[in-house]
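Here are two versions of the same chain, shown separately as structure tokens and labelled structure 1 and structure 2.
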Structure 1
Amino acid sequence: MRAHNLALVLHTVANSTSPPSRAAVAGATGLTRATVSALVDDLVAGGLLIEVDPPPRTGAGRPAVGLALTSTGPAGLGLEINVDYLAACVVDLTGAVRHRHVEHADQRPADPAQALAALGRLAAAARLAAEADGLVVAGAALAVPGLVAGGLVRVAPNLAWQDVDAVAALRAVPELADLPVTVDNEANLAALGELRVTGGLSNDRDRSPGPTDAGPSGNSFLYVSGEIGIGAGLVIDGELYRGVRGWSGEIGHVTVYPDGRPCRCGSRGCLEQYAGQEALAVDEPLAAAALGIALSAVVNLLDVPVIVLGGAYAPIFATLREGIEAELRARVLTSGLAPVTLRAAALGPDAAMRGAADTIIRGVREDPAAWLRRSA
């Protein structure tokens, strides 16, 4: 019960529009003031909450002290390895990015051990920088462009990885040996990062309402990550859909042109051969058309109301948009009834590592009792 109540109080403070008082938290949660006061004391002592000055009060009586998430407590370390870069960032409990570093280099010539060792050095430097700011890194999460199961990167075609234990490789770095480390698909983590920041909401100014359009479901969307490979994360009613084996979202290997260009996966005509970052640099109109064909199939099958373009697509969204929307209008059966909302990712190319860091922060927020035990 105490663990549940700690999470309830922390959640209430985190989601308040202004710093609430203990009395306001008690009113919002239904807990007694004495219980809330004791729980808040524990959360303050554990470095999860801070007391802040109350706003000016015009009425009688002393204004109550407010509560807010601390920016100097636990933090999440988000890591990403992709075909042409390595990245690391540190995000504090409030969601603010405290450190960020991207190292551009082609990872295809490196074997998994070399690539992960280089990422480990980047991660160690990020952790040291965070600790110098008074933060405590609660854990690390790694985003990879491949299929992940049981903590293993089962296959990452564009890196030529198969059955790689990325977690063990990172924890072999001395500065990371004591950290909990997880690994997940980069598009899934990017979708979670986008969900955290925007809730998946569309910009109404970008919409073309149809005759019976009641507006998209704000927290259901398809996130498409455009890098050298292409992945997707599907969020339905605020929850990431992973598929039965956790391998959903491989939109880059949807066939858009049968008997087309050969793909690294062994098939032909895959989307990423026409709309991946390397193909995009050669022929943007063809990339937009290919994306539109693949996305139309997804919408027809799953009735997704919002499509978010991230990674390399986000900065050039304006140039891709017309070609994609033309295909959506021509190919989606319900386009005249409820047009799909297409928008650029709010987090741009940082979405995967931001989403990775956020999984650590979310874990602390959802189970503060475990963090208090760990930090005691």
Structure 2
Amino acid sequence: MRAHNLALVLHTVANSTSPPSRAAVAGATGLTRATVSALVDDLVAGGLLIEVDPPPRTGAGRPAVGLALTSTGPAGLGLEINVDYLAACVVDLTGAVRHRHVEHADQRPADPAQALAALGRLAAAARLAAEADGLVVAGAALAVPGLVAGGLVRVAPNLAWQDVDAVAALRAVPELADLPVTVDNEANLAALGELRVTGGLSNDRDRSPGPTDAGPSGNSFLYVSGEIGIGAGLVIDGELYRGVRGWSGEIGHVTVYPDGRPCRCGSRGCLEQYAGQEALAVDEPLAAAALGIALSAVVNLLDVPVIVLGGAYAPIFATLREGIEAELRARVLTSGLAPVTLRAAALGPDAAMRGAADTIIRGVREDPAAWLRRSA
């Protein structure tokens, strides 16, 4: 219960636009001022919150003390390995990117061990730089362009990887040996990165206890990442849906034209053949129509109100938009009742890396009690 309330308080502070007072937090959470005081004291002592200059005064009464997330506490290490670059970044509890290291190099000739060793060096450097700033790296997450299951990269076609234990390889680096490390699909993590930047702050779920529970749009969207392959990350009410075995989001192999072009996956008419980077370069209208057909299926099945186009789609969003929306209008059953919002990704190529780092700080935010135990 204590753990839950600590998270609740932290969450409330994080989602406030201006530094709230203890009393404001109490009002927002429904807890007593006394309880919030006690919880806040713990969070301050544990280095998760700091007291800051009070927000501009409003009326009579003793002046409030503002609360904010610390920028010198736990941090997340976000890593990414992709076809033509390696990257690492450090994000602090406030969500600010504190360090960012990118190394451009074609990874395809390298074998997995080489690539991961190089990434490990990058990660170690980022960690060192972060700790010089007083940050404590709480964990690392790695984004890969492939299928991940059980902590293993099962297959990453564009890297020519198969059954690679990336976590073990990274933890073999001495400077990272003590860090908890996870791996995840690139599109999934990019979706989380997008969530943090756009919808992440206004959390519709724990709004004040209104009577109507017909949740408004909330933080729900499908992030579509157009690279050589096409991946998607589905976020429902602020939470990433990974699928039962972690293999969700393979929108690239949704059938668009049943008897169409053969795909490297063995099937025919996959979206990837019509809206992948190669096809995109040749025929944009075709890509838009194909995307529209596949996305209509998603909306019909899942009632997702927002679709975010990322990766290679983001820069050419304007030219794709109309073609996609035409298909959505025609093919989504409920398009007359409420339209589907289509927009370009806010984050550029950093989305996956940022999302990876975010999973770490999200972990701290959701279970601050664990962090307090650790730093006690």
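We call the rigid core whatever largest set of C-alpha positions still superposes within 1.5 Å between the two forms. Just so it is clear, the structure is predicted and the values come from calculations on it, not from any experiment. When a residue number appears, read it as a position in the sequence of structure 1, where counting begins at 1.
Structures 1 and 2, same chain in two forms; the form predicted on its own is found in structure 1.
Comparing the rigid parts between structure 1 and structure 2, the hinge falls at Leu347 out of the candidates Leu347, Ala130, Val308, Leu295. Here the chain moves as two rigid blocks between structure 1 and structure 2; the smaller block's rotation against the larger, from C-alpha superpositions, is 18°. Shown is the Cα shift of Pro262 between structure 1 and structure 2 after rigid core superposition, which amounts to 8.1 Å.
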